[in-house]
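This document opens with one chain alone, in structure tokens, the form predicted on its own.
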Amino acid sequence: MTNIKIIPKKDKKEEIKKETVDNSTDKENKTKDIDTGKKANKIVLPGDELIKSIDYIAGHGTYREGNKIYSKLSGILKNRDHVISVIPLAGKYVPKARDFIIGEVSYITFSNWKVDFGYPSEATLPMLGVPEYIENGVDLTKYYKRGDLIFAAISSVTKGMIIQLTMKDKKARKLYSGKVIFISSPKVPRVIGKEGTMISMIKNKTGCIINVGQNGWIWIKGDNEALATKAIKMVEQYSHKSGLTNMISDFLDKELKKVGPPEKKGEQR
């Protein structure tokens, strides 16, 4: 005779309850290692496990092993649209096509301008990279001379790191007077802010004209240059903190009460 095990009703309930709890726990475990509300702007180190889940994509500064995502570097943890990434706290700028940089004309040849932008090798602005038509043999200092600051787009970067610039983009221009400050290039996204919110707020409150280069060079012009500089340096210093936009806004409001509202002026070219 075949033995049949009869499970009492209470045991069935316990098994169903246990199965429900286990399934719920498994579901929670998929995302328990990251909480965008609690861990936004958390500082992580190389090798740190960021999340155990197959529902997230390994973005910049991270790598995946199986169902886990780890950090490649020291930086700030970001989770946007199910993409886990790490923004480095420090590091050198690596030029990329379509980046905008600020640089200083350092040398002029018969056919181009050499531009120093804080990288080991200078960038080249060719005659074809300016919007004006230039005939061969013309004195190029009539357009850009040594010491001029420019806000230019990188048009190309070769494997040998030959970098070419263009001034044909509508955003590109020569920068007159003002001042240039320098920050760590990995902090540039924080200075710009999500959809430009941080830099727009600093511009509006200080009344300054500001151009931010991806290379970490920032040009500021206006009556409140010193205050705008302080605000940007604060962003660089406290880039790891959450609520930073409000923090900088409160700082500017407090400082502006001492000097009065800025007088906004038209941009000079």
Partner chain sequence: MGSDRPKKYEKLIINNKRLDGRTLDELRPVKIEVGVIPSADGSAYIEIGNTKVLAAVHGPKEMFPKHQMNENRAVLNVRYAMLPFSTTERVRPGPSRRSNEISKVTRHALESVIFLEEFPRLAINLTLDIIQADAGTRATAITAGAVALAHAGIPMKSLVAATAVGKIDGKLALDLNGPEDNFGETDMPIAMTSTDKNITLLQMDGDFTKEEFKKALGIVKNSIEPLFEAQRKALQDYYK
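If you superpose the two forms and keep the largest set of C-alpha atoms that fall within 1.5 Å, you have the rigid core. Numbering follows the first chain given and starts at 1. What you are looking at is a predicted structure, and each value in this text was computed from that prediction instead of being measured.
Below, we turn to the form predicted together with its partner chain, even though it does not appear here.
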With a cut-off of 4.5 Å between heavy atoms, is Ser74 one of the residues that contacts its partner chain in the predicted bound form?
yes
Partner proximity in the predicted bound form: Glu225 to its partner chain, non-hydrogen atom cutoff 4.5 Å:
no
Against its partner chain in the predicted bound form, would Glu236 count as a contact residue? Criterion: heavy atoms within 4.5 Å.
no
Answer with yes or no whether His240 is in contact with its partner chain in the predicted bound form, where contact means some heavy atom within 4.5 Å.
yes
Counting any heavy atom within 4.5 Å as contact, can you tell me which stretch out of 155-163, 138-146, 188-196, 106-114 lines its partner chain in the predicted bound form?
155-163
Mind listing which residues of 92-107 have a heavy atom within 4.5 Å of its partner chain in the predicted bound form?
Lys92, Val94
Superpose on the rigid core, then tell me if the C-alpha of Lys233 is displaced by 2 angstroms or more between this form and the one not shown.
no
Can a Cα shift of no less than 2 Å be assigned to Ile210 between this form and the one not shown, given superposition on the rigid core?
no
After a core superposition, would you say Ile220 shifts its C-alpha by at least 2 Å between this form and the one not shown?
no
